[in-house]
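Okay, so here's just one chain, in structure tokens, the form predicted on its own.
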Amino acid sequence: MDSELRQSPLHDRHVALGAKFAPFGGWTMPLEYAGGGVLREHTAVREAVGLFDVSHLGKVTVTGAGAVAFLNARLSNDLAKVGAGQAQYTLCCDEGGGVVDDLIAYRFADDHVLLIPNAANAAEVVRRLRAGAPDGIVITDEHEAYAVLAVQGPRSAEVLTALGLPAGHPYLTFRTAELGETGLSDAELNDAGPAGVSIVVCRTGYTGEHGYELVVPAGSAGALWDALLRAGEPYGLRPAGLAARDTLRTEMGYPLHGQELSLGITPVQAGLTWAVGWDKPEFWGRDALLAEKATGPRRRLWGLRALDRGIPRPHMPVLAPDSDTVIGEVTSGTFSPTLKVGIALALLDTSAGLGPDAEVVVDIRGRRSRMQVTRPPFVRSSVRT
């Protein structure tokens, strides 16, 4: 294994659980666990509850007088529309409208925002923000200082409640708690480190289910992981890896940077115009995105659902149904454990004039597989329930 890859603070626990590992965004992270596999882990999240280690995600604090205003003049969404204790999905674009990264912004106060970017792009987000930061605004890269655990599924609130952690707050809001005030055992609290360790409990996630993401100091992550496994056992909790995370997010049509978003794929093309504050006077990429919105994108992201046994994969060409004309490309594709069919996200040329229920063909290694165009998500979202 590449010795230069970063490891989660929970790495040894994943090894003990028989995890298979894979490199992801410069980290070595659990792909799936022994005794479960992707299908069982996926199903646990849809029907009960799953526990993910997503500590590879970036953590960036922006502090100082005017921190919210500073970010609002750079990131795409309108951070002024959320208050303290709320979170917002937003984009960091370049001047051409391409997406440097998509991220979640957690607004603690006017002078304190926590950003959670993707692992591979965290350093670039920090670089861009620092390059334009005025005196008094401090951008702190805390990528390895904190861990992030995701508790996702219809029984996730019950697991958190069993530990005395906040649960039930609205989607895209967060609460804080001290580990010492939870139901951790004395041994777990001893492993958690100094008294007064604070944990941020965010009503966010990447699975389409009711769920939470817990931001905790890296040194306390092991104790919290152990406590969640213990508390979750009566509720069917299963540790889940990044392979199930990918099938879950694909069923929801959630974008993954590097596939549905990139410097060459704009939010207009990706169907993320709702994550752009079009009325704001300033943000990175504003002029280019306004122009593209006015003229219409040359391609657009759609969902594809297999009409036969085909399983589409990224980069496979999408063809017009009655010819060999290439009209797009699959960006993400997998077998849906929920629907038991192949599904995909694909960028399709708008000139083809396709819409919901239209039929296309995906070239799967030389075999033509029939697919139906649809609007994601492929399964019902439960994030707000």
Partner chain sequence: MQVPTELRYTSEHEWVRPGDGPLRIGITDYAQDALGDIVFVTLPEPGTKVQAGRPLGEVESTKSVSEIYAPVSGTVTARNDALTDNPELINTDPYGEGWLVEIEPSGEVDLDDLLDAPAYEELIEAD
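Since the structure is predicted, the reported quantities are computational estimates derived from the model, not experimental observations. Residue numbers count along the first chain shown, from 1.
We do not show the form predicted together with its partner chain, though everything after this point is about it.
Taking 69, 358, 39, 320 one by one, only a single residue has any non-hydrogen atom within 4.5 Å of its partner chain in the model of the complex, and it is 39. Site annotation in the model of the complex: the residue of 293, 230, 313, 169 reaching within 4.5 Å of its partner chain with a heavy atom is 313. The three residues 111, 175 and 212 each lack any heavy atom within 4.5 Å of its partner chain in the model of the complex. Its partner chain in the model of the complex comes within 4.5 Å of no heavy atom belonging to residue 28. Its partner chain is not drawn, but in the model of the complex it has a heavy atom within 4.5 Å of residue 309. Although the partner is absent from this view, residue 331 stays clear of its partner chain in the model of the complex, with no non-hydrogen atom inside 4.5 angstroms.
By the criterion of a heavy atom within 4.5 Å, residue 188 is excluded from the residues contacting its partner chain in the model of the complex. Contact with its partner chain, judged by heavy atoms within 4.5 Å in the model of the complex, is confined among 333-341, 350-358, 320-328, 52-60 to 333-341.
Contacts of stretch 346-385 with its partner chain in the model of the complex, defined by any heavy atom lying within 4.5 Å, are made by 365, 367, listed in sequence order.
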